[in-house]
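In the block that follows, a single chain appears as structure tokens, in the form predicted on its own.
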């Protein structure tokens, strides 16, 4: 029965950064991942990471851009911390070995990104997440004496003691199906977002809301769950991402009539307005008949010099060729808004501590609310690293003050019984994939760029029905070695919990702010809705709704224009 000071669930950027920070503080650390760590979804982050590192730039400017981008729902104390600490984190990464782009003078070079008042996005071509993730994994291996890695282990349950404190987790070894109790003084969730709740999505197949649902089930509060980001540039049908870096390099958005339509919606920032603004503009063009027959608009990257495209956007060149049959250096590519990121998650403070003692969260699984109603591009990598590090440091210091908890090995019996019940299901139920597809398509239809009460009510009705069907979903694989049927069944339950939280919060917020655009409440209403919508478990019934205040330090809400 493994025991550690700090147990980290998830090995993307937030988890690996937390592990390195906790180990540096002297804690014994374990990091658990359901895939090999360099397959974590952080590897898909393309465009870059923000920081006011240039002497002409300031962290205050970065912070204001983030507050404005959040549509004033972001907590300004957390935003200040993230933006103040960003330059130091970039330098730490560079010293650790991340090969950021350098300009002609040899200094770290930047590109422009949406919603920013300065070019402050540091990048490695269009593989920034990939580059950072591999460097952090190298550092983890270097610290192998201090950090135990459990790769391809799936977390099924979080454990609590009699006082409600989180004291570890139960995990399943995917190689042989063995269940194991992991005791821990502190636990950090770093298991990513919930993109697979939607179809299509830019997110990988592993992004199924595990940590959000696990925390929710043991009583943790969720926050800002209605704020789901649609990225402006994804391929229709499969959801593959075309990085914002393309627009940062100078690409234009065109409708079917050849008009550069962002001149009407954001005359100052054009294609580099915030993501919610650009996505709504695109969807409006499509809805009003100015899109192409396949329900898209065009991204014209031919405005970027071909040599620069091949240097800075090489992976997008490959995606265009392989998945759309388009040479983006010679012709526009058809795109549309697609589900990309969730601003909400497990509610935390600025040290990553959730509403459950002993349980922390960092990265996309968490909501410290630096993103509020809308995340600026290239702030996500920064969020994972800053609050991953802060969570690791705080958890390690807390662990030094408390004794190691113990959990009886019999605690796995209930989890084993649940898994046995999944394996032993009678044949004939709906396929897990069919239920997942219906969920994703319903969320994409009713809880997307534009929403209204009738559609959200329909989505909620579908989610509740699917929750009843899921426990009878068909299982083919009854073995123990890499049984993806069992994992898929458990993940489906997680996704349904997260979907209901999203829909309930979206119904509750009766205004339009950031990514939440209610056509039946089209205006932002600061008098009534300048507050966070919190969601908590209510047994098998509809989740409970409560509110918490938005922290404002220096920037009072004002009209948001680009």
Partner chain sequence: MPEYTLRIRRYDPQAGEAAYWDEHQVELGERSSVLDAILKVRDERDGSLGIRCSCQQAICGSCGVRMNGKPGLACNTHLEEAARRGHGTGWNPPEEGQRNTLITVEPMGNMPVIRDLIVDMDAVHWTKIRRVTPWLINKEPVPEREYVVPHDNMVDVTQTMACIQCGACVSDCLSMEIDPLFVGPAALAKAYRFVGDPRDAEQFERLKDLSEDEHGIYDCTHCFNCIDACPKGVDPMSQIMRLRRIAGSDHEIKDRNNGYRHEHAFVKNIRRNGLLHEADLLPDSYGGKLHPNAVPELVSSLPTVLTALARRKVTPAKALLHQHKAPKEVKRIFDEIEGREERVELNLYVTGYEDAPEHAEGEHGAGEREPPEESSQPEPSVPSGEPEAPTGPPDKSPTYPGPGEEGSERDERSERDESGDSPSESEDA
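What you see is a predicted model, and the numbers here were worked out from it, not measured in a lab. Residue numbers count along the first chain shown, from 1.
Keep in mind the form predicted together with its partner chain is missing from the figure; the text below concerns it.
The contact with its partner chain in the predicted complex, taken as any heavy atom within 4.5 Å, belongs to 315 out of 315, 441, 393, 259.
Only one of the listed residues (496, 533, 53, 30) places a non-hydrogen atom within 4.5 angstroms of its partner chain in the predicted complex, and that residue is 53. Not one of 263, 290 and 510 is positioned with any heavy atom within 4.5 Å of its partner chain in the predicted complex. In the predicted complex, no heavy atom of residue 221 sits within 4.5 Å of its partner chain. Within this chain, residue 97 lines the site of its partner chain in the predicted complex, having a heavy atom no more than 4.5 Å away.
Although the partner is absent here, residue 71 sits far enough away that none of its heavy atoms falls within 4.5 Å of its partner chain in the predicted complex. The shortest heavy atom separation between residue 325 and its partner chain in the predicted complex is within 4.5 Å.
Between 333-341, 182-190, 210-218, 126-134, the stretch whose residues reach within 4.5 angstroms of its partner chain in the predicted complex through a non-hydrogen atom is 126-134. Looking at 82-112, the residues that come within 4.5 Å of its partner chain in the predicted complex, counting any heavy atom, are 91, 94, 95, 96, 97, 98, 99, 100, 101, 102, 103, 104, 105, 106, 107, 108, 109, 110, 111, 112.
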